[in-house]
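The form predicted alone is given below as one chain in structure tokens.
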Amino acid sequence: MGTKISADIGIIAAGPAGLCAAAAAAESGCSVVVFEKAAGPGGAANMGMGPFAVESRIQQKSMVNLTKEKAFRQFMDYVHWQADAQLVHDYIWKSGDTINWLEDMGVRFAAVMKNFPESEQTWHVVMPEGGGIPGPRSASAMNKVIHEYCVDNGVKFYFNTPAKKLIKSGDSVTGFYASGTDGEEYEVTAKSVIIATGGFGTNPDMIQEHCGYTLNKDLFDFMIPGIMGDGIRMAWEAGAGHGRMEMERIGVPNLPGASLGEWPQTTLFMQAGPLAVNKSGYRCCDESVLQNGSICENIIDYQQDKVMYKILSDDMVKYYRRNGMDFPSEVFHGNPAENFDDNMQRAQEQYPNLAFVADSLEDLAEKMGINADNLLNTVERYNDMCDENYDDDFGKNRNYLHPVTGKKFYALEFRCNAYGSLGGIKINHNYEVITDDYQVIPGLYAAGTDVCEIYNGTYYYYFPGNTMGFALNSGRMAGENAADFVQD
């Protein structure tokens, strides 16, 4: 028979969207249960640093002058209005208040930051638990606070207990079945259900079918364990429509662990000076635009075999060691030019197909497997433009024109990576799940990555913290709307 549980609202998954949904629903006076397949709360957001917001108290104190109106217009122009404008509006308008709500809950934010010079100052970076310098995984402290707040407000959590199937009565969703890793079976009856399972970012079949990429061949995901599209599948089985599905793509060095700071020298390759070439040895862009990870990925995606290389020399390393970075990092701290050669030698030993060190450009091209004549011609032309202090190819800022000269040369492979997936479940701006015919499925809501289809193909990197911000705010609004549905 299993265990039968009844609540006003049942939530599937305890990532940031599920946690905020639970907190908001509990504040409205609803009884709430949350079922999570992992051993603890936070999901993929535990790897991040903080959410997006506009017009928060922190921004006001920091004299950030970005308004909700300006942010909305920038966003919608960027996606060419190929998104639910009301949903985007509500997300942006809610975002500042959500930061204030989290602060009142006990979440501490270190600062509001940019992630590159041209971005907006929207990134509310969480203070790590116990203090210290913020970095990857800082946001886990936020998730812990929200979870504790939920527990204090009567929310009941079931960890290691994934939901398996939605329960329907007629057209309405009235609960779900779940199974614990200990073999215990659960039948959850709820007046409303909220799905927030974090997408399909580690499901190779769904990525191939719905996005056209082959995982670990032409796309390398951050591979947060367990993000398999469970909630999307359950919603589809219950009649939900198919939302737009894509990957949250970003171009980065392909060294394993580089995005989490395990190879500090990679930050040097992400500066504006190092030369960017494709597999044929030709320069492929103004390197300064690569500071925007989404634009970097688009450039990589267009190249042969979806690969790009960044090249620098020991003279360039000396320049950065002396003068500092073009784009100081808010994520990784310290000077990546220090011990650069030793770190690159170690990277080449461990990953000889991804990191390259050579005493000449000819040897470098051979190790990289690209056309040596083309590379030599490319470098010669680039160095001539550096001498002339004018980039006649792509118009790069003169301050970033550093010649590729010296006695040692280095290269890293850049590939298409992804923070995770985006979209899958079709919703309206109230976060009600709808069919392909736009009919509401009563009692069923969804939030977070499972429904995030607001970017129209390219993640809006100019608003750092965007996807985490969407998860928090969509979860909070879904929780509020589900509570209104239950209490009507």
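In this text, residue numbers run from 1 along the sequence as written. It should be emphasised that the depicted structure is a prediction, and the values quoted were computed from it without experimental measurement.
The form predicted together with a small molecule is left out here; the points below concern that form.
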property: All of A17, Y419 and N466 within 4.5 Å of the small molecule in the model of the complex, heavy atom check; result: yes
property: Exercise: P204 in contact with the small molecule in the model of the complex, heavy atom 4.5 Å; result: no
property: Contact test in the model of the complex: A478 vs the small molecule, heavy atoms, 4.5 Å; result: no
property: 4.5 Å heavy atom contact, G50 and the small molecule in the model of the complex; result: yes
property: The small molecule contact in the model of the complex: I194, any heavy atom under 4.5 Å; result: no
property: Candidate stretches 423-431, 54-62, 437-445, 33-41, one within 4.5 Å of the small molecule in the model of the complex by heavy atom; result: 33-41
property: Candidate from M234, V145, M385, A276 lying within 4.5 Å of the small molecule in the model of the complex - any heavy atom; result: M234
property: D326, E120, E413, D230 - the one with a heavy atom within 4.5 Å of the small molecule in the model of the complex; result: D230
